[in-house]
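Quick heads-up: it's one chain on its own, the form predicted on its own, in structure tokens.
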């Protein structure tokens, strides 16, 4: 470069996010679950709602539990909220006593218009994201979320199309997500793409998660908790070593 040539502009492209992402963070607060500082820092660019919940025995009325445990639950949720504040993000908090965890999380996710729901597995420093694409996903929501979370760092995202025996066009789906991420302003050199065939995609996602720091995936047309927990042989949440963010399908009115 000569003195007359302008210096290369290293300023990142501004994001063009269409819908600021909101993440619901369910935490079983009275069982000692918490959230790491690194995970809070990773999520801080998005809007966050912390849901502290406690699952009750069938015979215990929720009103009785609320009177007995609400103070402890509120204090535990406030501790988690403080972790987000330390990362620069004020958060909305809720507390629920329930007999049905899945139903409560689904209900609150719809009420707050959550883009995604977090399964807060233990984590260290979070930099690189795996996005397995194995079926229908709200591409716009997924791209808004991933672009927002990666905007301020140097992390990368791997788009991994997983084709099974159902005729799913993994290559086309991966390309659509890649183009949408580029439209949102994420640099091309931070996105990698690949496809693979698999007869047990959930199990392979779990195995592949060891190479990354966090997994972001769509519900794939299943219910939120079917995607998270599934049956005994197809569990992402239980097997994955990383935190998992499941992008919700839109419901009527969203």
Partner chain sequence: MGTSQPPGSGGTNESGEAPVQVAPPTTDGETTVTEEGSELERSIGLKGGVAIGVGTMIGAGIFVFPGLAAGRAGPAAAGSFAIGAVVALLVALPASELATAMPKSGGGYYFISRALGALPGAVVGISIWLGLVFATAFYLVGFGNYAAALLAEAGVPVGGVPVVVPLALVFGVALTVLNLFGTENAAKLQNYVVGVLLTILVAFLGYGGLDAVGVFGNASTPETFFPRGVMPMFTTAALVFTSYLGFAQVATVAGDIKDPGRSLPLAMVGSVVIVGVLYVSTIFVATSAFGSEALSRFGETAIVEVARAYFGNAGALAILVAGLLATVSSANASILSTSRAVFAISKDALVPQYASRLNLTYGTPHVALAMAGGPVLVLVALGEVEVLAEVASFLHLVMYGLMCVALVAMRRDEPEWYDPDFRVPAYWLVAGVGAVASFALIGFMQRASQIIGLAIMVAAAGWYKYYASDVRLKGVL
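These figures come from a predicted structure and were not determined experimentally. Residue numbers count along the first chain shown, from 1.
The next section is about a form of this same protein that is not shown, the form predicted together with its partner chain.
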Q. With the partner removed from view, which of 53 to 61, 211 to 219, 35 to 43, 188 to 196 is the stretch that lies within 4.5 Å of its partner chain in the predicted bound form, judged by heavy atom distances?
A. 53 to 61
**Q.** 184, 178, 94, 127 - the one with a heavy atom within 4.5 Å of its partner chain in the predicted bound form
**A.** 94
Q | Contact assignment for its partner chain in the predicted bound form, among 108, 151, 87, 158, heavy atom within 4.5 Å | A | 108
Q: Find out whether any non-hydrogen atom of residue 74 is located within 4.5 angstroms of its partner chain in the predicted bound form, and reply yes or no.
A: yes
Q. Does the 4.5 Å heavy atom contact test between residue 100 and its partner chain in the predicted bound form come out positive?
A. yes
Q) Does the 4.5 Å heavy atom contact test between residue 68 and its partner chain in the predicted bound form come out positive? A) yes
**Q.** Residue contact check: residue 104 to its partner chain in the predicted bound form, 4.5 Å heavy atom
**A.** yes
